[in-house]
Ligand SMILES: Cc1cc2nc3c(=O)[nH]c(=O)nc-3n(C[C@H](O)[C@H](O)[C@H](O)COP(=O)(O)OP(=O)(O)OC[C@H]3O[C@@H](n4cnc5c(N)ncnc54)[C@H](O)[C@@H]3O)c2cc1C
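Read the single chain below, which is given as structure tokens and is the form predicted on its own.
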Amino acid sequence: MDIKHTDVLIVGAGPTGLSAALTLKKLGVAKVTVVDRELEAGGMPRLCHHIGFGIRDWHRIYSGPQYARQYVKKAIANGVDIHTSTTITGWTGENTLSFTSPNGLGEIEAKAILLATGCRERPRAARMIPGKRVQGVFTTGSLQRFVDEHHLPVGTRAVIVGAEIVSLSAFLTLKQAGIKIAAMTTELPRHQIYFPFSPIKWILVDLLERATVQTLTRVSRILGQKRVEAVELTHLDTGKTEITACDAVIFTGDWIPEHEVARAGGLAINKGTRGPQVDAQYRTSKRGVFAAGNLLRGVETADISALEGRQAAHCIHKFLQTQTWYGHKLPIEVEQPITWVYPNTISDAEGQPIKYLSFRVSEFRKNVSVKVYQSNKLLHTQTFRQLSPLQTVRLNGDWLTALNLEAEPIKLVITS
């Protein structure tokens, strides 16, 4: 069995993992090892051949493959040890992970571990959409593999399920492949597509002018014998149904964190995010194990995840220097329509002030206040003109200095 030793082991070679690895090397960490089960490093951006990557982290606009190559190239140039086709299979010690690769079985022992395994879209079966198991059903990821990686046909007329930022990615992939969009559906009252940069704002005009976005609409059935022939759409406001002809259905969003490695290691999982419970220093409930990126709460854009990787790297570097680890002390709870918050726990000592917490809601709200309570004591109130599902919002963290770590959990609630 191959036994490896490293200073920091990073599981996941996407933007979060590679950004963290690059930062750790720049901070002087001698040996940084990144493993990924895919054949190539770079994460999902390498399959997204449209532009829109790198704005916040590189301050430039790249296509997905260009963006991925930028990180891989710089990581290798700075001495990061990257192992692809390497799948983590379990934990054999507190900071030792077992793996399998084309070279056989092995173990990696590390002084610190960063889990950056990302998330995946919920497929058709998990959404319980009735109909036969026909060809022509994809997630955004499988669509991009078919079109951009394997250059395979996916159809001529598609329905996109979802209307958020990743749905825009699916839209661009279909458009570049010359596939017509029959409809884009969302069960919400309005779409959640936003444009991180101006050169593609024309897409919004194109979508609305062609009336392809159908709100308050659910795909209630997939029709076809061997291949998708149509979908049944149910309008949630009226209950009426209609049949839309198509030969491809793309399920987008509805994210599930890739938390299998975290669960196998016995890490505490947050019920809201469904990812590892973390404090403001990206520390999990297990000593020496950190988590960052889309594993924590579902998808954000690649550059936001990359910036989180940088932040996590600084926290890991500090741990390597001090070997100080504070156990999770105080959970942060939420009340609907808030779906999750992170960081979602406060440690005995955070090491630095928490500037803000991030949260999301499950429904549209206007002119509301988010209130923070502990033991019925109001710690903080912050007003928001508008809150939208699938949009991450920041809550000021100045109130955290008034916490009693020995009291009841913190709770976030929304009031009109």
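In this text, residue numbers run from 1 along the sequence as written. Quick caveat, the model's predicted, so the values are computed rather than measured.
Unshown form predicted in complex with the named molecule; subsequent notes refer to it.
Proximity to the named molecule in the model of the complex, defined as a heavy atom within 4.5 Å, singles out one entry of C315, V166, I82, V147, which is V166. For the options V370, V361, V29, V35, the residue carrying a heavy atom within 4.5 angstroms of the named molecule in the model of the complex is V35.
In the model of the complex, the named molecule lies farther than 4.5 Å from every heavy atom of L379. Residue contact with the named molecule in the model of the complex: W255 places a heavy atom within 4.5 Å of it. In the model of the complex, at least one heavy atom of T86 sits within 4.5 Å of a heavy atom of the named molecule. Heavy atoms of N294 reach within 4.5 Å of the named molecule in the model of the complex, making it an interface residue. Proximity to the named molecule in the model of the complex, taken as heavy atoms within 4.5 Å, picks out 115-123 from the listed stretches 239-247, 221-229, 335-343, 115-123.
Along 49-63, residues H50, I51, G52, F53 each place a heavy atom within 4.5 Å of the named molecule in the model of the complex.
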